[in-house]
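This document contains two forms of one protein chain, each encoded as structure tokens and listed individually as structure 1 and structure 2.
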Structure 1
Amino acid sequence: MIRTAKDTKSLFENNLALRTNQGKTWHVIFLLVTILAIVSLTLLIVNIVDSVFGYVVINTKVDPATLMVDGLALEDQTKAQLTEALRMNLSSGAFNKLNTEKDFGDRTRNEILALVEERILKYEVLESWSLADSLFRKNSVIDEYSKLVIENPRATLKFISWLTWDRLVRPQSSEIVTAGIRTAILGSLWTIIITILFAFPLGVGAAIYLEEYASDNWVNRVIQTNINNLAGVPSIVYGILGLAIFVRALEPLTSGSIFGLVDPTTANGRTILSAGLTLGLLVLPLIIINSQEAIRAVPQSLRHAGYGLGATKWQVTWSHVLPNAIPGILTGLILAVSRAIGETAPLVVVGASTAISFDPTSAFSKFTTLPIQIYQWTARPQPEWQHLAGAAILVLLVLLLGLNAVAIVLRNKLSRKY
């Protein structure tokens, strides 16, 4: 069949109209998906913020006025005066136990004030409300407070933020009013630093070998296939692997006893080092795959130019390939950190503590992390702990964004145009 110019033009116009309509349809679909994602994220943030602010009714079992010294309220007393208050109001056994856990001379004033509030005043939250209830049901809140104050004359109604600087610098506590998240923040930072130090150089090195040096044979193809498969393995499996290797098999190393840094009778491998190495294994395939893609994207002309000047393979890789692949490699690092910092299941298996009141001081310390802390607080039935969990979630998001921002700045500074 012979087509005329008119038929060809008509067919072209019909196909063009069809492709245009398909493009518009997909454009609308992608736009709706983007809007849905933004709305979902906004609702999530609003829900978290709603739990972080609001009215609370706080009561003390002991009148704070009884602890005034020389007319000074607790908030204005010195570290020595607060320590003396603990000595006078606690039993000698309880006071000595606190001093054994951490010498009072090494504690900050805020830490000692928190102990006074927790052990002597015994603050308790009688009732709490969300931000929405506090703003739109204020009269109902005041009515409920009026009923509570009849039985609790020292109860006070306050509009508070569960996320304050005081919360950030206080250690964990069993009392909601004095509980802080400093221990969990430090545990997360220690864990992520060890994860990056372990996984980043190893992952980039593996990517360089697979892309620049490995020949195309069945052995390397099997290795590449396994790396791709490992990227999709559930995180709990890595936790079991970390328990078997780092916690048990390498216990002398991960506990620090091989270096004589801890008491060998009480040391075990459930430390920050084990957690960091486990998360390192978790994100290693992700770093390798993204690094490979970044190295593969470097134009072959740069390699050929280096070889043409007489450079060796390693010189070309180090001087030409890596500098141009760094932006993509750091993008992979951002994705890896984003996944590792929010992991909970592997750390639970490895042995993260759910209740710990002292800060980690080395890679061989016992630890907890922000996701573990959030999980523990949200599992409690009292709504006040869920308010505090919302504050910890905001801290986790800020910490994640901060780490990602550092990586993005480095990526932009090291990026090259060719």
Structure 2
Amino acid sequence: MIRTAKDTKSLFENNLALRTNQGKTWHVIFLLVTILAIVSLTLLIVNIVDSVFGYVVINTKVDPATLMVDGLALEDQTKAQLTEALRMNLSSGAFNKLNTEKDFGDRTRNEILALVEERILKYEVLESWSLADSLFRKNSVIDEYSKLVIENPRATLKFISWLTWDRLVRPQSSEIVTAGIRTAILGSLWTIIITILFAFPLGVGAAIYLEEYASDNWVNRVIQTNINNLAGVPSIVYGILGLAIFVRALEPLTSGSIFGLVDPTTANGRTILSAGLTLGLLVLPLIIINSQEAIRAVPQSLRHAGYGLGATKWQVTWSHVLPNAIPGILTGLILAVSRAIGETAPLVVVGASTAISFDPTSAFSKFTTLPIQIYQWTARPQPEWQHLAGAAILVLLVLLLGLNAVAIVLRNKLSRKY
């Protein structure tokens, strides 16, 4: 039997409509899932903002009126008067301990005021609410407050922002009302500077070697593979490495004792230097890989022009390759720095301090950093501290956003040469 073309065609099912619908359905699913991803990012941000503002009930254990001198409230007293208040109200042991940590003469008036509030008045947060609760369940907030105020007559209900300028410039403290993130921010800065000083020259040097000098032999292939693998090692493993090498094996160096620069409050290897070097090892592969990409993007014709003029390899690299690769290299550096600024786990392992309230003075000081501070506050069982952690997170995120904006501008502005 002979079939005509028309007959054969009729053997196919006419299912086009069905197939088209199937495609449309999936298109919608894709869109929904992608939106879900965006929503989770939004939720993350909203959740943080939600915890940074809201109502609190604040109480003082001691009536501030009892500390008035010559009719002056605490806020208006001089440094000497505040120091006197401390001497009067603290045990002499506690007072002397504060004095040996840092001489009262060297402390600013604000630092001493903070001490008075922290050690004598003892502000406490009796209850706190999120922004959403404060806005949408105001009645229950007021109910709670009116119950609390019966037992605590000095308690006041206030709508506050947990993130204030004051928090930024105040040192870390164990009292929730006075605790600030100055110590942590300075610690982060010190650490990052050491990280950059260590990892940037080493990383760019390695990248230049691999791109410009290395011939294709097994040694160089091993180096390249090794770098790619290091980029995938979990950060906590770097922490363990840092603990064994920098904190323990190189203790004389990282504690500063071979330079005679030991910080008396530290006196071991758990210093800013160890932290910076550990983070340096961690970001080194990132810096190398990014710099390699930037160097590879410099057109070959430029190198040839240089060689054609009888320049040596280093002359070509230094005068022509590097200047043209520098925007890419810097972008890579900024990305590495953002990674290092947010790292927490390796620093916990290296030995961040849980409670220091003094600015670091050298690379051999004890350290804490912003993410460490966030971790410690988040991990506290009392929920009020999570508001403070939220405030610190906001600072961290703004810092990172700023860095990334710089990276994007660099990338767009300086890379339009060819």
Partner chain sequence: MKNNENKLSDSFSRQNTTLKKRRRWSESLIQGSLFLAGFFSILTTAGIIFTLGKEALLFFQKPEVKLFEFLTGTAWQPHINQFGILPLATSTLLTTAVAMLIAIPLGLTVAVFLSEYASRKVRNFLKPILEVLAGIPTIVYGYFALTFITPLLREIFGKDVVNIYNTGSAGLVMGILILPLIASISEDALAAVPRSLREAGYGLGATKFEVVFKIVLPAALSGISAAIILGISRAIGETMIVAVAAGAGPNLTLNPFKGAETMTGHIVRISGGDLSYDSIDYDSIFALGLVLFLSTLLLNIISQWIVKRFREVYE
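Residues are numbered by position in structure 1's sequence, first residue being 1. Under this definition, the rigid core comprises the largest set of C-alpha atoms superposing within 1.5 Å between the forms. Computed from a predicted structure; not experimentally measured.
- Both panels show the same chain in isolation, but it is structure 1 that comes from the form predicted alone.
- When two forms of a protein are overlaid on their rigid core, residues whose CA moves 2 Å or more are considered shifted, and T361 is not one of them between structures 1 and 2.
- Lined up on the core, A37 has its CA atom moved by 4.9 Å between structures 1 and 2.
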